[in-house]
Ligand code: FAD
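First, one chain by itself: the form predicted alone, in structure tokens.
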């Protein structure tokens, strides 16, 4: 079922969903199921599976020259999503990136998803690889998420890359895209970011899921700005409980997200990371309850491969 259909069928109650990481290479699907299992009592209608693009490593040859090697530390998402859907009968949503994919790669990825009965996809540009400062698309790939959305929407209309194909099958993907309540790190302003977000909706995106935030007022203001710009699709908030003192510096640096002063001071005064985790849980519970009271259709949690803190939050909210 499509995400938009789940929202329509929710009867005014907020839905619980979460996002997981693919396992590291060498691990099996059991580590995914072990993290999912404790959260299934809250009846998530869908589960997102992130995609981690390739990285580059440089190996020194006997000649002294460096050889560039592509390394994938986490497997792809299609097989994981298929396994989740088969075991739990919930919709699993793979993320698909511009980075690391040609248009042909993207089409084949989508065809495999369609074969497996996967109805939803989140279309993202993706980040630059660690060895590059700025994002660099593949030679025959997409530069922007809006272009990726267009390709997915074209497939929904039976338009494939090979224009000579006859009697093509139309896919029916529900397309999610990212929104940034505090703007994307590369955007010059929030208004310009929303302008380009609207372009993704025009190109065929069906819903928006946001970057994490820790101040609900920023989310509410973001939604208001989107509505004023003519964006009418569902906007799903992404939430993440802070769990370590290190994240006070890591989250603002990595995700360009501000932390409220009240939260910062509580974490600073915490005696250890166990206390920090409890602070993060309580903060996220308060966020969740306020968002639910405001009528937000889905609350989406970034689990980062851990379910204990998300379970404690869900127990209090759902």
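These figures come from a predicted structure and were not determined experimentally. Numbering follows the first chain given and starts at 1.
Beyond the structure shown, there is the form predicted in complex with the ligand, which is absent from this document and is the topic of what follows.
*At the 4.5 Å heavy atom threshold, is residue 87 in contact with the ligand in the predicted complex?*
Residue 87: no, not in contact with the ligand in the predicted complex.
*asked:* How about residue 162 - does it come within 4.5 Å of the ligand in the predicted complex, if we only consider non-hydrogen atoms?
replied: Although the ligand is absent here, residue 162 would stay clear of it in the predicted complex, with no heavy atoms inside 4.5 Å.
*Using the partner position in the predicted complex, report whether residue 144 sits within 4.5 Å of the ligand, counting heavy atoms only.*
Yes, contact at 4.5 Å.
*asked:* My question is simply whether residue 186 lines the interface with the ligand in the predicted complex - judged by any non-hydrogen atom within 4.5 Å.
replied: Yes, residue 186 lies within 4.5 Å of the ligand in the predicted complex.
*Of 171, 216, 151, 211, the one that lies within 4.5 Å of the ligand in the predicted complex (heavy atoms)*: Residue within 4.5 Å of the partner: 211.
*Where, among 152-160, 223-231, 202-210, 104-112, do residues come within 4.5 Å of the ligand in the predicted complex by heavy atom distance?*
Stretch 202-210 is the one.
*Across 14-30, which residues bring a heavy atom to within 4.5 Å of the ligand in the predicted complex?*
Heavy-atom contacts within 4.5 Å come from 19 alone.
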